[in-house]
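Have a look below at one chain only, the form predicted alone, in structure tokens format.
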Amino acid sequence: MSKRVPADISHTASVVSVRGVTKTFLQRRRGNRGILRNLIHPERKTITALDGLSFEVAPGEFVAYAGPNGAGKSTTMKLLAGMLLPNAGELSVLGLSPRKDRIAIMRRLGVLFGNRTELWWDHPVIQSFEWKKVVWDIPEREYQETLDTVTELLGVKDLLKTFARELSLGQRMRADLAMLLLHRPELILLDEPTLGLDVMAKRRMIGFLKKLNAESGTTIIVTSHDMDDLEEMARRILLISGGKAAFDGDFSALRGKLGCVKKAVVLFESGERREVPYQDTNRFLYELSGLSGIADVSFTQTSLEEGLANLYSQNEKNV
């Protein structure tokens, strides 16, 4: 899977463009007006999943898309894939409109939801792959080349004859990802791809995605509640809260915004103990080397999760 820039989007600045997008849903509620009346005229509440959301994603970016439950992450993914339509605003994916060009987009897009599978449950994995080759009209040579590459890199070659229902969660996720890649998508949307995976399965998944992005130039947008996973995978993080963008930048800038302070606890031979905040690790270590009588040094840092919890809490109060 060689690195490439698709000819028809190489002149554009964005693979994904979201401008002022709003998406609402009507939620049916049980009222206190009697069973019959509730059936005929049910009470409904408008839920705003996205509220004027705007962002751009350039070709080859690996973007972490994060936020609390109900923030609108999955809704955004479904809008980009053309599975939902916005109430307001404009969407562009690979230079096309999800509203008008859904089929054309899906031929160039890969989507994976961590709690769902595209594999045929009661059939060997390879049959699902062969089905996709036929339905998607993938040329035989391209199919075989991609199949050999992704099954080797994802470690699913020995699972091709295994029934999908017999796979572990980690094996199924890798098989689903392999199937997703068979048509060589230019853009991949991953919704909780590491959900429920054990440590080894997670490491393998993250390693593969980083390799795919770096070597093939595939644009990836990934959601997860695990900030450590996101920070390892992506270079940019887009935070969404209350249906709006709360932050867009790199993880270092996010730590600064959240007040995630780095501290060194320095214990001297005299028994004195100092807590020293710092930002630049190299500079701090250089300054530390000039001190004498140091018995021990330990390092701490406010976690991203703690900082994000405070940010989300503040946003909820402002709604």
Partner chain sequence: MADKVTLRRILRLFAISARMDMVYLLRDTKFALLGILGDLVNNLATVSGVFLIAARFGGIGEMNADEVLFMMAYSTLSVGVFTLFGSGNNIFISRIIGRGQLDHMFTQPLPLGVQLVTGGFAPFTGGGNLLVGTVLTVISVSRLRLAVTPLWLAALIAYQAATLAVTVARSYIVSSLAFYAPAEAEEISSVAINDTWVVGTFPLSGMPKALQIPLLTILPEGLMAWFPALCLLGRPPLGLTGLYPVLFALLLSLTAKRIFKRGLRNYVQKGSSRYLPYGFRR
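The shown structure was predicted, so the numbers you read here are calculated from the model rather than taken from an experiment. Numbering follows the first chain given and starts at 1.
The protein also exists as the form predicted in complex with its partner chain; that form is not presented, and the subsequent description refers to it.
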* Asked: Would Trp131 count as a contact of its partner chain in the model of the complex, using a 4.5 angstroms cut-off between non-hydrogen atoms?
  -> yes
* in the model of the complex, Asp198 touching its partner chain (heavy atom, 4.5 Å) -> no
* Heavy atoms within 4.5 Å of its partner chain in the model of the complex: does Leu85 have any? -> yes
* **Exercise: Ile138 in contact with its partner chain in the model of the complex, heavy atom 4.5 Å** => yes
* Which of 210 to 218, 110 to 118, 240 to 248, 227 to 235 lines the interface with its partner chain in the model of the complex (heavy atom within 4.5 Å) -> 110 to 118
* **Contact set, 59 to 76 vs its partner chain in the model of the complex - heavy atom within 4.5 angstroms** => none
